[in-house]
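Have a look below at one chain only, the form predicted on its own, in structure tokens format.
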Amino acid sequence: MRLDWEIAKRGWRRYAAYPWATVAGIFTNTIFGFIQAYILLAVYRHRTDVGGYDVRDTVTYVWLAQAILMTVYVFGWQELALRIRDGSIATDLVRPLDPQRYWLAYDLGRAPYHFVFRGFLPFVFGALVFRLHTPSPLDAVAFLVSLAVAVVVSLGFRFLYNLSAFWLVDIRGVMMVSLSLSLFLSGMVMPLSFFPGWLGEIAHALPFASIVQAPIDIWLGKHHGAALAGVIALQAFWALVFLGLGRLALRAGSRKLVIQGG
């Protein structure tokens, strides 16, 4: 555990070393929060409820999504793919530390930094303008637990599609498809409850909902008791599935590894 802790601290320090990048991110998330909030508010011009969400729920959803955007790292991540492409993965594989364990510990150090320093202020700015939902103490604790599991689900998915670099020279196509799926089906673009009937049911059943939709719904108090435990258990299930698939893909790719140019 000491090794994981040291790697996690390096994940934190890497992003803490660039405070102005954090400031720029706060500004960007705040602007997009206002844009998205007012776009979705137009939906309620002639109605009071959409998919079980009222105006307050929806606005809170928008600002929470902006707050955890970089915490769960929905956008494309390709560091592992680049290491595979330039052959650095060969060095990683001979180290006495599994690459998947390394990146998981690293990401669990990075995520709290983004949550505290990049996520907090945009949410505060939103709360100054809009009336946002305040969770109960239990929901707040469950939200933090769910968010931590969401980070693992996200890392598992990102790790998995990065491993396609073992078989593809250029993974930009894979990344674009993966990014589109994670943005649209995680609930980052809009709440999955806004999706029509069958599409909403499918979206909620897919693993991407565990990245954004699940923790925000917990904050909004949409789940209680056994249902709340079930949501977090489903997230944990998808985390294990992605990590397991990543383990299998890493093993298969390691057997096939060819460093270009030599």
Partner chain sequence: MVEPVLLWRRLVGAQVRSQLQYRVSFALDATGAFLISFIDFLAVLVIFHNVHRLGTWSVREVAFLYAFSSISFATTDLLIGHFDQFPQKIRDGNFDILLVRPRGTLFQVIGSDFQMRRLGKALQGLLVLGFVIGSLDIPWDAGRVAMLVVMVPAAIVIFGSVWVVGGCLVFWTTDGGEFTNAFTYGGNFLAQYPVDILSTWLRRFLAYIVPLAFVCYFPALYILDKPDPLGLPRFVDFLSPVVALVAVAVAGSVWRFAVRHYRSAGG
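Numbering follows the first chain given and starts at 1. None of these values were measured; they are calculated from a predicted model.
Unshown form predicted together with its partner chain; subsequent notes refer to it.
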property: Contact test in the predicted bound form: S136 vs its partner chain, heavy atoms, 4.5 Å; result: no
property: Any non-hydrogen atom of G173 within 4.5 angstroms of its partner chain in the predicted bound form; result: yes
property: is_contact(G25, its partner chain) in the predicted bound form, heavy atom dist at most 4.5 Å; result: yes
property: 4.5 Å heavy atom contact, Y38 to its partner chain in the predicted bound form; result: yes
property: Candidate site A21, H46 and F184: all three near its partner chain in the predicted bound form by heavy atom within 4.5 Å; result: yes
property: Heavy atom within 4.5 Å of its partner chain in the predicted bound form - the one residue of V145, L132, M190, L108 that qualifies; result: M190
property: Listed residue (A203, V50, A236, L228) with a non-hydrogen atom within 4.5 angstroms of its partner chain in the predicted bound form; result: V50
property: In the predicted bound form, segment of 220-228, 204-212, 30-38, 53-61 with a heavy atom within 4.5 Å of its partner chain; result: 30-38
property: Partner contacts in the predicted bound form for 94-128 (non-hydrogen atom within 4.5 angstroms of its partner chain); result: R118
